[in-house]
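Just the one chain here, the form predicted alone, laid out as structure tokens.
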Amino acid sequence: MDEMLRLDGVTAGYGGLTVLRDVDLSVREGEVVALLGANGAGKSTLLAVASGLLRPRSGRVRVDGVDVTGWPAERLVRRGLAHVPERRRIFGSMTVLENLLLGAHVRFGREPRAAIDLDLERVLLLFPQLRGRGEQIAGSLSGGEQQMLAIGRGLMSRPRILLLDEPSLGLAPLMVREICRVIAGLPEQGCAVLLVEQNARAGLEVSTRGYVLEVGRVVKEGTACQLGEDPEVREAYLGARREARSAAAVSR
């Protein structure tokens, strides 16, 4: 499978603070790759580097085999990379339809409007909760619906790789399952995914492979199954110790 995204030896940070240290990571065509780690591990910073929002101090970023280190974010969107940031960041005072069409802004004037309308219909098929609500003010949607809108807006640029930052954050379990269902199906539609998720269990369930980031460094990588069975990952991110304690308490 072709590599859609690759980071080689990336070091990055803000001011005098170094957040990422010599990070290597790849996402291949047809994959959902999970990036796990505690708060402050550098996950969102990694996505910022990959999407052109933060220039690395050293190392290289490649998208679809092309060195894009230092490219601005909008140029990367045109290259086929979209970034859905943490906490949704939709335009709350605009309508649902306006938010979705903003996601396609790099396509207007370059593609027929019919192609954009076709992708709009595809987004509404993925998220039927948004159908018929085009004129509704986006800020009046529920948290889960706003997350659907944010992902849909990202998909409207027709990306080949989608960066998702904490899509399950603050959502009810039923909505988390719905969001995960959509994420798992994106590779079949030609869109690979790099998924940042503190809900490690949900992240690994929809992923092909994964990486664990600790204090800005990749400390583990493997298939989703390998990481899910790793004792350290289970204890740190899957609540294995808490489950063992609960089981012991029940057996007493």
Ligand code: ATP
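One rule holds for the numbers: they count along the sequence shown, beginning at 1. This one's a predicted model, so the numbers in the text were calculated from it and none came from an experiment.
FYI, the form predicted together with the ligand isn't displayed, but the following is about it.
- E166 is the sole member of E145, D119, E166, E178 with a non-hydrogen atom lying within 4.5 angstroms of the ligand in the predicted bound form.
- A heavy atom within 4.5 Å of the ligand in the predicted bound form is found for exactly one of S44, N199, S26, T208: S44.
- Contact between G185 and the ligand in the predicted bound form is not found at the 4.5 Å heavy atom cutoff.
- By the criterion of a heavy atom within 4.5 Å, V19 is counted among the residues contacting the ligand in the predicted bound form.
- Though the partner is left out of this view, A38 does reach within 4.5 Å of the ligand in the predicted bound form, counting heavy atoms only.
- Taking the partner from elsewhere, E86 is found to have a heavy atom lying within 4.5 Å of the ligand in the predicted bound form.
- Partner contacts here mean any heavy atom within 4.5 Å of the ligand in the predicted bound form, and among 217-225, 200-208, 58-66, 44-52 they occur only in 44-52.
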